[in-house]
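The form predicted on its own is given below as one chain in structure tokens.
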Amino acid sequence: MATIGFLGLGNMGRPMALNLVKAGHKVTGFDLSKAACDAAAADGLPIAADGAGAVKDAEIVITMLPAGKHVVGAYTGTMNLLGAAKHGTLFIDCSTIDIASARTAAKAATDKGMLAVDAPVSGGVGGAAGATLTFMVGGADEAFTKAKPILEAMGKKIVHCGGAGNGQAAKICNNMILGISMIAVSEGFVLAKKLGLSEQALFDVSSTSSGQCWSLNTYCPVPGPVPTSPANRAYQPGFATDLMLKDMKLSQEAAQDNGAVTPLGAAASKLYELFAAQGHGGMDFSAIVTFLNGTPGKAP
């Protein structure tokens, strides 16, 4: 079993760290938020006094942080995780960040004699709690081989996507597809209602026909057809609109930087931005259906 330092104990990080403990690993956590540390400690996770304390004896360091600047800053800035960790430590960044920052962090780690992978996740809070996440991993073969058994304690599917930053590339592309498809499904339900077609009837047809997709079959944006979807819990996330907007913006930054034409991605990004600007960023992203049907934030 491994000795692990886990930085970032929010809604995703805390259950991921606890699953590592359940798997028998020795885990020490830290978060700049005292409330996050207290919540993790209440669940039985040992908490270090600072970031350096969490990583100084670790074989593996995992970060789950909000943005690229936080990851690079944690690695090389005031927290200086790379300076506090032992030579040869494996750094696994599970944050969803921009590709350039992921590659900067990985290079900083390897320049210090560490191994490094970027390993963003898909599956949301439920997947984090249930250890059913999908990890999209970028990094050298040696680093991936060492990271894989650790990631398997937190997820059910681990995919090596290539070199440093390619995990983030896969995550950004996947979530652009997800964001667009949720809007397409929502527009279908909005139109169906105008045409006098029941939501259940549309679901029964499309979920077994050419319109089927994850946004419809598993995460249906209207109450009723899929009892486990957030639509049946007043759109409690799940995966919040603010997080989808973050990923959509990352996809558009990547598209612009690399000369890719993504008009649907751009349009979807704008719709989530407008919905969040109305004060609904904390709702599940599937609540975009309420924006499209003219009752933003309210069940359709």
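No experiment lies behind these values; they were computed from the predicted model shown. Counting begins at 1, following the sequence as shown.
Below, we refer to the form predicted together with a small molecule, which is not included among the displayed structures.
Peer 1: Out of Ala48, Ala254, Leu45, Ala36, which one falls within 4.5 Å of the small molecule in the predicted complex, going by heavy atoms?
Peer 2: Only one option qualifies, and that one is Ala36.
Peer 1: Just to be sure I understand the contacts: of Ala276, Leu292, Leu18, Met12, which is the one whose heavy atoms reach within 4.5 angstroms of the small molecule in the predicted complex?
Peer 2: Checking each option against the small molecule in the predicted complex, the one that comes within 4.5 Å is Met12.
Peer 1: Counting any heavy atom within 4.5 Å as contact, can you tell me which stretch out of 211 to 219, 106 to 114, 188 to 196, 93 to 101 lines the small molecule in the predicted complex?
Peer 2: Residues of 93 to 101 come within 4.5 Å of the partner.
Peer 1: Whether Ala234 contacts the small molecule in the predicted complex should be assessed with a 4.5 Å heavy atom distance threshold; does it?
Peer 2: Residue-level check for Ala234: no, no contact with the small molecule.
Peer 1: For Leu32, is any heavy atom within 4.5 Å of the small molecule in the predicted complex, or not?
Peer 2: Output for Leu32 is yes: heavy atoms within 4.5 Å of the small molecule.
Peer 1: Would Ile177 show up as a contact with the small molecule in the predicted complex if we use heavy atoms at 4.5 Å?
Peer 2: So Ile177 does not count as contacting the small molecule.
Peer 1: Using heavy atoms and a 4.5 Å limit, would one call Pro66 a contact residue for the small molecule in the predicted complex?
Peer 2: Contact check for Pro66: yes, within 4.5 Å of the small molecule in the predicted complex.
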